[in-house]
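Given next, in structure tokens, is a single chain: the form predicted alone.
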Amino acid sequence: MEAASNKELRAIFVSRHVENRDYISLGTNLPIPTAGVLLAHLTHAPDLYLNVLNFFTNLSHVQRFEDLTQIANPAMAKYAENFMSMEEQFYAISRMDLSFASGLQVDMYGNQNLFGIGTDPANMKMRGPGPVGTSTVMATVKKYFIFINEHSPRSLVKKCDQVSAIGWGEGGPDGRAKYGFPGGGPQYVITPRAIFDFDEESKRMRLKYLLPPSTLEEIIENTGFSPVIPEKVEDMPPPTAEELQVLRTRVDTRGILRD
């Protein structure tokens, strides 16, 4: 079987951190995390509580998904088991086990910026979409993963120009507690080059896995701050034959993750 692509490895990493009966919201325009959640759903987590748009659904019986990019689509309402009002959706955020965030910028403590590039809000170099609810979700959800499609000094920065969602604040064990946030905070940062977790004491981003074909030197060169580098960088456990087969024949049938 063809070796796993970089995108497939990231999806498999997500899948391995999904537990059965987790409550997870599938967002839009995040095909790799979506693929990871669906892979878990079709293998070891058949009883997920999946929130898609404004409804709950179970998709474990779906034999194959024809378009991975269209999961968060009103057409999926045909599988709905329950519909929620906007008020119910916001009330349920604190019970959500896992969510996904992104940003134009992510800093060394996992704070995210979706507002725009530039420190002057009235004169930004580029405007982003805004927090679109992430300020609330990331403050209260039990845990979340940060997912970005670019690993460079302009996306991974020492300090965000603006902050749309707080990760670990200024760092340290009380980085979130001092804000009174009930959520568990960011657990991982997933990029095309590497996967990071956070140091237990400083809450600074720490390299966990290199993703092929990147090298340690490339990670250091392309990160806008000095991440924590452990004495030994682990290798991500390779995909199993079942993971790759289900991912390719049932989840990502169009091969989007193999491009």
Partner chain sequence: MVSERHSVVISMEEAVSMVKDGDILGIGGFVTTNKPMALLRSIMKEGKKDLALVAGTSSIEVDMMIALGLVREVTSSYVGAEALAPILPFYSRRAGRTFQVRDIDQGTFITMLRAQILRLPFLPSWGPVGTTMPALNPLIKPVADPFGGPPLMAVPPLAPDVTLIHAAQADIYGNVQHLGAVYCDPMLARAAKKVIVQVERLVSNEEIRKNPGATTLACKFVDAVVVLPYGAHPTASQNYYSIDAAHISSYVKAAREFFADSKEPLEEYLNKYIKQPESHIDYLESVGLKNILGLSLEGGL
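Residue numbers count along the first chain shown, from 1. Bear in mind the structure is a predicted one, so any value in this text is a computation, not a measurement.
Another form, the form predicted together with its partner chain, is not on view; read the next lines as being about it.
The stretch that touches its partner chain in the predicted complex, counting heavy atoms within 4.5 Å, is 62-70, out of 228-236, 207-215, 62-70, 190-198.
Under a 4.5 angstroms non-hydrogen atom cutoff, its partner chain in the predicted complex has residue 127 among its neighbouring residues. A residue is said to contact a partner when one of its heavy atoms sits within 4.5 Å of a partner heavy atom; residue 172 fails this definition for its partner chain in the predicted complex, lying far away. In the predicted complex, its partner chain sits beyond 4.5 Å of every heavy atom of residue 98.
The shortest heavy atom separation between residue 42 and its partner chain in the predicted complex is within 4.5 Å. Scanning 231-253 for heavy atoms within 4.5 Å of its partner chain in the predicted complex gives 242, 246, 250 in sequence order.
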